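Only one chain is shown below, in structure tokens, and it's the form predicted alone.
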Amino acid sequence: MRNLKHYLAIAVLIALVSVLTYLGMVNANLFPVEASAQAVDIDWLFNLQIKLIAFFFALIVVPIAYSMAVFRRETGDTSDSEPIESNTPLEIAWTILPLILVVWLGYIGADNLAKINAADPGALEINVVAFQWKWRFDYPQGFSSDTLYLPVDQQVLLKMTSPDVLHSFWVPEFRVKQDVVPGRVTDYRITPNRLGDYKVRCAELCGTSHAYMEAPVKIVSRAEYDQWIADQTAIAQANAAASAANPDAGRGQKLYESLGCKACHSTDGSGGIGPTWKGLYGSAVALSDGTSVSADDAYLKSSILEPGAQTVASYTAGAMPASFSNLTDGQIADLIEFMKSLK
């Protein structure tokens, strides 16, 4: 009867400490707001884990603390305690029960991952290029932006790549995080469900300015998104027409910076992943097949649109992503005009 009283006291204390620990953790504002459908499933699983953490914390700490307070040795007592032999049922229990728990958590984790990665055939597809140290978003309408605009309540498939080093796409409010790997295209699916302004960060150490590699993310209504797409398409078409009629080195320099060209091509003659642009225009370029070609307008345009067709000697084939093939003739003309200015 006396032992039963101790067991009941410990059970009550475990329940109380579990609840208090859980409430303390969930009210600590560990997470920002949920801004995607995927965040709901992720937070549900995390909340379950918090409950288990609180319970196991109490299960370990309470019996220890209770034993120290209630069963402490009396002053002057130097006798030995009763020897404790092995307890086979207890050992079986603490082997089988954790195994069942781990298998169950693995199952619900896999099920949760399947829900998060479920593909929507009508998903909006946007290309993302991450480079030191900026983000570029290429829309299927033929223009690029340094701000990621997304419509609310529609799944988006981001096709992500990098021309330089490993980066990682992370919007805390979306919960999902995905590495951006050089030489590969990684998929990132998200369904924004909360209007507002957010920020994408690089979550992988990628160089000296890693901490500043951020870009705005705007979740807007469908009508506002369609209007923004129409406006940006019109601006891109107008710029393309102006560039085709009158190429401009100033516009080309802005493209050089915003498109991420500077991540691989220097303008001061220093080495990089790709050939420097200083003095490139009109020079003789040695190719990996032993031939050479003049860096004229036709060659430079071909190198941008089909980067794998001709590889410059001593440089790695396939280092330049094919995402630049969607540039307009006007944008390419501006870039070439900028190259001409780098004598």
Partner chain sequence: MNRLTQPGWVRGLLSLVFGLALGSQGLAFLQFLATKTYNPFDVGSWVLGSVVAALTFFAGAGGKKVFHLALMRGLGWQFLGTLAGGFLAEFLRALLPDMEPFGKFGFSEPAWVLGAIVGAVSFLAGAGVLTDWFKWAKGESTPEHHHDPDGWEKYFGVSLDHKVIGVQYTFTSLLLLSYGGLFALLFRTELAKSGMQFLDLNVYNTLMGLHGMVMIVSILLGIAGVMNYLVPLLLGAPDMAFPRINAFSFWIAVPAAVLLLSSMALGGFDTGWTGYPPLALRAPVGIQMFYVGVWVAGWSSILGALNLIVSVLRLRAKGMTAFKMPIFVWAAVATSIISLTATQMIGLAFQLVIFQRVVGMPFFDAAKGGNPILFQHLFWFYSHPVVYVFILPGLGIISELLPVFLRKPLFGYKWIAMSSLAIALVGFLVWAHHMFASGMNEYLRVPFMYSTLLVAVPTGVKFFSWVATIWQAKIPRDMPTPLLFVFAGIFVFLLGGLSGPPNATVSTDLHLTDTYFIVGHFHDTMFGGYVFPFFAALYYWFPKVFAKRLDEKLGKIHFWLMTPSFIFLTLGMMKIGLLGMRRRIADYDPALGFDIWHLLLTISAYLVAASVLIFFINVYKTLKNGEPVTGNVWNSRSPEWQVPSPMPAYNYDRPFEVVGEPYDYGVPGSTYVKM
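Please read these numbers as outputs of a predicted model, since none were measured by experiment. Numbering follows the first chain given and starts at 1. For the two forms, the rigid core is made up of the largest set of C-alpha atoms that agree within 1.5 Å on superposition.
Here the subject shifts to the form predicted in complex with its partner chain, a form of this protein not shown in this document.
Stretch-level contact check against its partner chain in the predicted complex with heavy atoms at 4.5 Å: of 255-263, 142-150, 219-227, 113-121, the positive one is 113-121. Contact with its partner chain in the predicted complex, defined as a heavy atom within 4.5 Å, holds for exactly one of G196, G269, G250, P98, namely P98. The partner is absent here, but in the predicted complex a heavy atom of L30, alone among A309, A313, A298, L30, sits within 4.5 Å of its partner chain. Proximity of K134 to its partner chain in the predicted complex falls outside the 4.5 Å heavy atom cutoff.
Among heavy atoms of P63, some come within 4.5 Å of its partner chain in the predicted complex. Interface residue remark: H6 is counted as part of the site for its partner chain in the predicted complex, having a heavy atom within 4.5 Å.
In the predicted complex, at least one heavy atom of L59 sits within 4.5 Å of its partner chain. Contact residues in stretch 93-114 (any heavy atom within 4.5 Å of its partner chain, taken in the predicted complex) are W94, T95, P98, L99, V102, V103, L105, G106, Y107, G109, A110, N112, L113. In the core-superposed comparison between this form and the one not shown, L59 has its Cα shifted by less than 2 Å.
A displacement of 2 angstroms or greater separates the C-alpha positions of L287 between this form and the one not shown, with the rigid core held in common. When the rigid core is held fixed, the Cα atom of L259 travels 2 angstroms or more between this form and the one not shown.
Compared with the form shown, the V185-D289 C-alpha separation increases in the predicted complex, the change being 3 Å or greater.
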